[in-house]
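Below, in structure tokens: the form predicted alone, a single chain.
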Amino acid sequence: MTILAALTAATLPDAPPPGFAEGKVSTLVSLNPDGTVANVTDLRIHKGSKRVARVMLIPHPVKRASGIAPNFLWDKTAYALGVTAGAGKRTADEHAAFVALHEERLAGTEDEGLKALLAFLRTWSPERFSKPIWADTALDENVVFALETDRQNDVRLHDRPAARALLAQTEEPGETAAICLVTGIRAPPARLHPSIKGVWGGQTAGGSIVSFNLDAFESYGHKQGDNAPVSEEAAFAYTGALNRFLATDSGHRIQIGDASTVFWAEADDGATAATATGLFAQAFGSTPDTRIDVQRVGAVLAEIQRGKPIAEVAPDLAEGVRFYVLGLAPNAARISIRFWLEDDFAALMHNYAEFAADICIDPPSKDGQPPLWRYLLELAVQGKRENVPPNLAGEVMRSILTGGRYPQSLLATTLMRIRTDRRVGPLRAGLVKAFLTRNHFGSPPVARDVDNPSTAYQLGRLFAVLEAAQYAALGRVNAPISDRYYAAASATPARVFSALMRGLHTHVSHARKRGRGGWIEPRIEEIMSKLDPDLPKTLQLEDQGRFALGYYHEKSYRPAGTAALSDDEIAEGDAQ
């Protein structure tokens, strides 16, 4: 199934009807039948300490670029009333276009409400916008209209049957029907598809997945939507579903790096689909969706992370649940597809369980099993989401969901951040272990392994002990050996370790004077017994990963009976 076909078929109990979309409206103008203003109602609602516009169904907005394009039966005040808070160099033209549109589309109407709107527009002048009836807070906000008799029943002009009939007339004169590439039904194609809003980093006005808005994008003499015909009905359906999924707190979106990721499930009943969606959101997000059974979802997820198959812990989710995951990223006025996956939910959870096993590390993070975005922040400069390397988030997500190999850039980026920040930590160690486990078919140790045969792993352990010896001798110093030598020791050990070993005896002597460090020499001897006298001159990237693992395990090691280290203590080098 294609992306657009899956979105068009998505089950949305409260999906907007064709031709409608959710929009923010601040003001309702109720009219008498003769077109005079009966009331002006402030529709804003309280949200925290602010008053914000109310979200309601309105006729689908037109796509605006630099031209003038009015909406039907609603618009911002510059178009609907001819007033704006700014300079408004073309406000008169915008209002004239709004009036002309309604004169054309409402010509000959017998509906009382639509006739009242026409009468209002014919007699309205912007100078009448004044207090106390009109408030300045309404300026540049969206306005809808209603008959005063309908206002009490919460019915607007665009809800009246006559208005809905006009909105359903999407076919333009001379329009040629074509086979819709989504539904396979012959119908007039949409010229320009409705905008998609809510993609992180995208334009406020929204973007498009499919668009032929310039001649340069057209081929074989086709115009706009004729180049890839998608019917108006299908265009409204897929954009409506996507806008609903991308809405804040929809329960169908998470942010992974720069990819706004939406997901939804198809099942025989809505409760099963909602549970599957909630399980996925909690696995990859961090905030449980309170609209679902949070306790059950949490228990099922914990069992899956322990390696139990979903058929045992949630049989109702193991069969007959189809799941869809779509990653989107902005690209100017367009939206690019980072990744797209369609599979059985049981298969996705099986792959997720493998990822959880890959990334398991001991000692773990104090936060338990962090969501994926927490791992990706470890790869970003200054830990900022906008600094996550482009494409990496999508490639990692695709590897997790499909069970494929992790991108090579995952290991390179993780090691680069370790060398730059001079900090390993449980999340970075987990990423290194996951990469080595899956991409090199090895079994890197989950916890400290003193008998591990890898030279790189033992060198990492040795470096951690040398660092701890310096700490035992001198306490905290401004430039510990990890700051000065980690990068060189993990890449060219033969060149660095000989110099470090020469300083060991001095550190041991100072530590003894402070009554500390009796464990250092036995630990050094134990590690050196597993190393060849001729240390390797260089380590490949994968061995540098093993070096980081050994360093993390040894640095975080605490003998039985002593308190465990926090993540910060591990990062700062407080190992015994």
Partner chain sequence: MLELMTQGIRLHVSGPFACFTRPEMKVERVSYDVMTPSAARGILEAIHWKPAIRWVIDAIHVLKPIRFQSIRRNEVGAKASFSSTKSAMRRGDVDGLGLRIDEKTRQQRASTVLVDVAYVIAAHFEMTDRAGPGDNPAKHADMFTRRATRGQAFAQPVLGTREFDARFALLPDGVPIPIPDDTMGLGFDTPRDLGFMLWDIDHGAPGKPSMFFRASLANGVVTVPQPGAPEILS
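On a predicted model such as this, the values are computed, not experimentally measured, just so you know. Residue numbers count along the first chain shown, from 1. For clarity, a rigid core is taken as the largest C-alpha set superposing within 1.5 Å between two forms.
There is also a form predicted together with the partner chain; it is not shown, and the following applies to it.
By the criterion of a heavy atom within 4.5 Å, Ala472 is excluded from the residues contacting the partner chain in the predicted bound form.
Taking the partner from elsewhere, Leu214 is found to have a heavy atom lying within 4.5 Å of the partner chain in the predicted bound form. None of the heavy atoms of Thr204 is located within 4.5 Å of the partner chain in the predicted bound form. Contact check for Gly298: no non-hydrogen atom falls within 4.5 Å of the partner chain in the predicted bound form.
The partner is not drawn, yet in the predicted bound form one stretch among 180-188, 366-374, 414-422, 269-277 has residues with heavy atoms inside 4.5 Å of the partner chain: 180-188.
Candidate site formed by Leu4, Glu395 and Arg398: every one of these residues places a non-hydrogen atom within 4.5 angstroms of the partner chain in the predicted bound form. In terms of contact with the partner chain in the predicted bound form, the residue from Pro126, Gly285, Gly88, Pro229 that brings a heavy atom within 4.5 Å is Pro229. Residue in contact with the partner chain in the predicted bound form (any heavy atom within 4.5 Å), chosen from Ser336, Thr149, Ser130, Asn387: Ser336. The Cα shift for His222 between the shown form and the other one, taken after rigid core superposition, is 2 angstroms or larger. Between Leu214 and Asn391, the C-alpha separation shrinks by 3 Å or more in the predicted bound form, relative to the conformation displayed.
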